[in-house]
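Given next, in structure tokens, is a single chain: the form predicted alone.
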């Protein structure tokens, strides 16, 4: 018999075997027991949280010949055929690869055919959000007047992409991420049953990094078992899965807080020379900073994703040294760095620069514009005055916040345009002109942003943010000297750092 992955072997076969999702499980089991089934269900939640497994259990329960208290018996022919995928009346459709109107029209034709083996014909449509608009419209007609012998179970990881017309015709269940304790308990059972020798620390690390997904956790354990025949320890998990040690990141953040540039560069060099990817380092740092923020807010009761028991004392000490607003700014900066690394060839330089910039201000007081405050209605440059150094720092910070808002608005409208604009820099404004600079190495990005489609998106975001029009000028920057005469004149008028927000 061919080898089956652990997540397939340990897929729950009864309602009582499902980990987490207690309210959903109870509601579905009651519906089966009391014969109060609806014609369409929508299961929404993160990947690996049991949506497809629960859909198959429901399909077994409604077709089981010896159902007891809402549970399938798993012994009758129907249950066994559904379990091994040979039951003709349970049809699984992957909407990611069958997303067009032709496939849904074919479904509409076949749905009228009575069940061949069981009591109910069950259609399980996975990743249903991938359907085209036309396909959704075709599916809607079937959901409006479905045959009594048919049940639809739609599963999605992106609920916001499901049209309201579809949502209104389904009974919706939200699947939540599993807790580390729930995942740890199942991993311990799996390891014991499969004679996998694994340290508790390794299991705890897998449970945290699974991000609430049982399937991902079992997949990690399976991969580690294939790699390591002897006892699996914490270092094995880090090496095989390509993760960054939380202790390493904790020490790196210590260097950042201490503003020790040499130590920062040395730490990054060690990680990169060991084969760690720059973008992975940025992602892991963002996760650690997230844990730092949660610990700052909730203390020992915080639900941590990355930081383990060994790094927790360092996390606590760092939380005492930094304000919540500073941690938030650090997270934004590292996340932005991760985005830049996706499109940058000089990844080492970008990563080093980000951490050095972070260390240059992380120990200083930070003023953050409250998120709930009204969006700025105008952005004006003052021609007359020059700033003292402390004032320049505040204005620079304000400019960075505004630039972040512009980038976020563009990303929401079109990700490729955001990727182009991300390499630019907001220089300032004069009158009705806004200056955005690009280094000469990003000539392609500048030229693409000057195209009408991308410029229109940016203009729309600026109008939404500032409630006024700006004439955006894209210019080149080289070694922080602006080589465009119009920008030189603008800087002479209002200063490179001089930017003022007025509501």
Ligand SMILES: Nc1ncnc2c1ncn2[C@@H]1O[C@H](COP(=O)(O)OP(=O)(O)OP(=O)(O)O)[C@@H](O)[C@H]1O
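Since the structure is predicted, the reported quantities are computational estimates derived from the model, not experimental observations. Positions refer to the first chain, counted from 1.
Form predicted together with this ligand: not shown, discussed below.
J.: Looking at 454, 473, 67, 52, which has any heavy atom no more than 4.5 Å from this ligand in the predicted bound form?
T.: Contact residue from the list: 52.
J.: Which one, 327, 202, 218, 354, lies within 4.5 Å of this ligand in the predicted bound form by heavy atoms?
T.: Selected residue: 218.
J.: Which is the contacting stretch out of 291-299, 123-131, 191-199, 306-314, given heavy atoms within 4.5 Å of this ligand in the predicted bound form?
T.: Only one stretch qualifies here: 123-131.
J.: Is every one of 90, 118 and 152 within 4.5 Å of this ligand in the predicted bound form, counting heavy atoms?
T.: Result no, not one residue of the spot touches this ligand.
J.: Tell me, yes or no, whether residue 441 is in contact with this ligand in the predicted bound form, where a contact means a heavy atom of each within 4.5 Å.
T.: The answer is no: residue 441 has no heavy atom within 4.5 Å of this ligand.
J.: Answer with yes or no whether residue 358 is in contact with this ligand in the predicted bound form, where contact means some heavy atom within 4.5 Å.
T.: So residue 358 does not count as contacting this ligand.
J.: Heavy atoms within 4.5 Å of this ligand in the predicted bound form: does residue 47 have any?
T.: The answer is yes: residue 47 has a heavy atom within 4.5 Å of this ligand.
J.: Quick one: does residue 157 come within 4.5 Å of this ligand in the predicted bound form, counting heavy atoms only?
T.: Although this ligand is absent here, residue 157 would touch it in the predicted bound form, with heavy atoms inside 4.5 Å.
J.: Using the arrangement in the predicted bound form, list in sequence order the residues of 422-439 with any heavy atom within 4.5 angstroms of this ligand.
T.: If the 4.5 Å heavy-atom criterion is applied to this ligand in the predicted bound form, 422-439 yields nothing.
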